[in-house]
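Included below are C-alpha cells for two forms of one protein chain, each presented in isolation as structure 1 and structure 2.
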Structure 1
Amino acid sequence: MYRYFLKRLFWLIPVMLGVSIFIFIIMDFFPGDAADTVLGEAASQEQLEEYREAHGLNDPVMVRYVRYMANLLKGDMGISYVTGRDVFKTYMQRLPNTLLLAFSGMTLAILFSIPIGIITALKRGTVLDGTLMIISLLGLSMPLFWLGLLLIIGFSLNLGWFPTGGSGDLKHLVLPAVTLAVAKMAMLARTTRSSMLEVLNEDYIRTARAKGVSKRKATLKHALRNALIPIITVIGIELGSSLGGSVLCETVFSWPGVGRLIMDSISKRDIPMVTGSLILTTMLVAFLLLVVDIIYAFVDPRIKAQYQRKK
C-alpha cells in the first residue's frame, strides 16, 4: 500500500503546478493591481510606479511565476502585498477556524443524515420515505447564503439566541455549522439511501435473515458495512469542499477562516496571499482524499487485496 501512497503524493506535483500557474494567469487579467489597493487613490503616479517596481509587478506574468515557484521550492511562500505579513503564517492562523467549521458541519451532517438514509431505505415507498426525501431535496437545492441569512434573521435578530457573526465561544459556531451541514446532510442522506437499497436486495442479506439474524443486526452489521464505500466517498468529497469552498458561509457569518482570507485577498489583488492560500488548501484537500482512499482498505477487504496485488 505504501507504493500507492507514494504514487498519490507524486501526483500532487502537477496539481500544484497547474493550480499556481492558473492563479497567476487569471489574476493578471484582473483590472488594477496591488499598488492601487495598497496606496489608494491619493497616491501619485510616481509612487505607484515605485511600488510596482519594488514588488516586481511590472515584470511579465511568467517571470513573476518562475520567481514565485523558485522561492516556494526554498520554503518561502512570500509576503503579502497588502499587509506585509508572511503568507504561510497568516494562512496557518486562519486554518484552525476553517477546520473547526468544516468538521463541525460535517459531524452534524453525518449524525443526522446516515440514520435518515437508513430509515428511508428500510421504509422505501412509504409516506415517511417520501417526506424525508423531499426535505433532503429542499436542503440540497437551498442556496447556502440564503439559508445563512434566514438563520441570522430568525435566531439572532428575532430570538437573540446566537450572535450574528464572528468567532469566539460555542454560540458563534452554531449557526455557521448548521448552515454548512444542511446541504451536506441532504447529499449524504440520499447517497446512504441509494447505497443501502442496493445492498439490502443482495442475496447474502436475505440468507442472513433466513438463518435467524435479526433485522437490526442484518442492517447495521452486514448491509451498512457493505454500503459504506460510496458513503465514505461522499463524506470525503463534502469535507474537502467544506475546507476549500466554505467562502459563502464564512462571508455571511464573518467567520475568520481561510475562505474569507482568499476572497479578501482576491479583491485586493494580493497575488502572493491568494496563490499561497490556494496551494496550501489544494494540498490539504488532496491529502484528505488520500486518507479516504486508505480508509477504503479497512472497510472493504477486496480493495486492500487490490492494493497488495499492485506491489
Structure 2
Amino acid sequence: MYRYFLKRLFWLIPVMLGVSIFIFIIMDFFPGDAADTVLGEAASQEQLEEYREAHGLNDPVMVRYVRYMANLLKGDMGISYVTGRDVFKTYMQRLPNTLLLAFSGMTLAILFSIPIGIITALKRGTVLDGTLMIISLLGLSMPLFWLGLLLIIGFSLNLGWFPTGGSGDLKHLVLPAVTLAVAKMAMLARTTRSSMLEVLNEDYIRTARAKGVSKRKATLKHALRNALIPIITVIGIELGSSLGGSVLCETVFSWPGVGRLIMDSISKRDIPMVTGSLILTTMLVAFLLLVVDIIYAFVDPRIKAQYQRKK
C-alpha cells in the first residue's frame, strides 16, 4: 500500500511538468505581456522593448520555459515581474490565509450539511425534506458575491458583530467562512442525501435492523460509513477548488488569499507569479487528493484491498 502511494507521489513530477508547460503556452496565447502592464501607459516603444529584452520576454516560449524549469530545479521560482518580490515567498505569505478560509469554510459546511443530508434522507418526501432541499438549492444558486454583501450588511453594519473585511483575528474569519460554507454546504448536503438514500435501501441496513439495531444507530454506524465515499470525494473536490482560492469570497471580504493573487497576476501577465502559484497550488491539490485516497482506504476495506493489490 505504501508503495502505491509512493508511486502516486512520483506521478506529481510529470503532472507539474504538464501544468507548467500548459501555463506557459496559455499565457503566451494571451495578448499583451508584463511590459504592457508594468510600465504603464506613458511607456514609449523603446522603453517597452528595453523591458522585454531585459526580462527575456522576446525569447520564444520554449526558451523561456526551459530557462524557467532550469531555475525551478535549482529551487528558484523566480521573482514577480510586477512587484519584484520572490514568487515563493509571496505565495507562502498568502497561503495560510487561503488554507484557513478553505478549511474553516469546509468544516462549517461539513458540520451542517452532513446532518442535513442525513435528516433529509431519513425524512424523504416529508415537508422537512422539501424545505431543507429548497434551502440548499438556494444556497447552491445564490451568488456568492451577493450573499457576502448581505452578510456584511446584516452582521457588520446592523449588528456590528464582525468586521466587514480584512484578515486578523478569528472575528475576521467568520463572515467569509460562512459565505464559503453556504456555497459548499448545498452541494455537500445534496450529495449526502442522495448517497444516504441509496445506502439506506441496501440489504445490510435491513440486516442491521433485523438484528435489533436502532434506526439511529443503523443510520449513523451502518449507513453513513458506506455513504461516506461519495461525500469524501465531494469534500476533496470542493476543498481542492478552495485551495486555488475563492476569488469572489476573497474580493468581497478583502481576504488576502491566493485566489486574488493569481487573478491579479494573470491580468498583469506576471508569468513567474502565475506559473509559480499554479504549480504550488497544483501540488497542494494533488497532495490533497492523495490524502483523500488514503482516507478512502480507512473508510472502505474493499478500497484498501485494491490499493494492496496495486502495490
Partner chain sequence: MKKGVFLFVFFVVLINLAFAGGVKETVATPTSVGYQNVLKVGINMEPITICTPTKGTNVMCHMMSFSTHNTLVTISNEDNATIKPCLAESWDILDGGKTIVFHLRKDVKFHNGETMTSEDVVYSFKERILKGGTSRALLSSVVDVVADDDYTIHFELSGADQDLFYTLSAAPSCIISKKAVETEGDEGECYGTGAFKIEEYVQGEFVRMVRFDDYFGEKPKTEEIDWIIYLEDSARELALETGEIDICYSPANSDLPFIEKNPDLKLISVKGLNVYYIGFNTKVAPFDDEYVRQAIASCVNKEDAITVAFDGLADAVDNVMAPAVPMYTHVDGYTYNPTAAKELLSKSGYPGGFKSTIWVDRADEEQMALVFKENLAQIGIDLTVVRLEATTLKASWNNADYQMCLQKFGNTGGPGTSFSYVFTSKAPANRSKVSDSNVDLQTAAAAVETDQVKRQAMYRDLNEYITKKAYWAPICVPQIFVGIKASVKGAVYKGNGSHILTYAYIEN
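Just so you know, these numbers come straight off a predicted model, no measurement behind them. All residue numbers here refer to structure 1's sequence, counted from 1. Take the two forms, superpose them, and find the largest set of C-alpha atoms that agree within 1.5 Å; that set is the rigid core.
- Here the chain appears twice, and structure 2 is the form predicted in complex with the partner chain.
- Core-superposed comparison between structures 1 and 2: the C-alpha position of Val19 differs by no less than 2 Å.
- Annotation: Cα of Leu280 displaced by less than 2 Å between structures 1 and 2, core superposition.
- For Met62, the Cα deviation between structures 1 and 2 after core superposition amounts to 2.6 Å.
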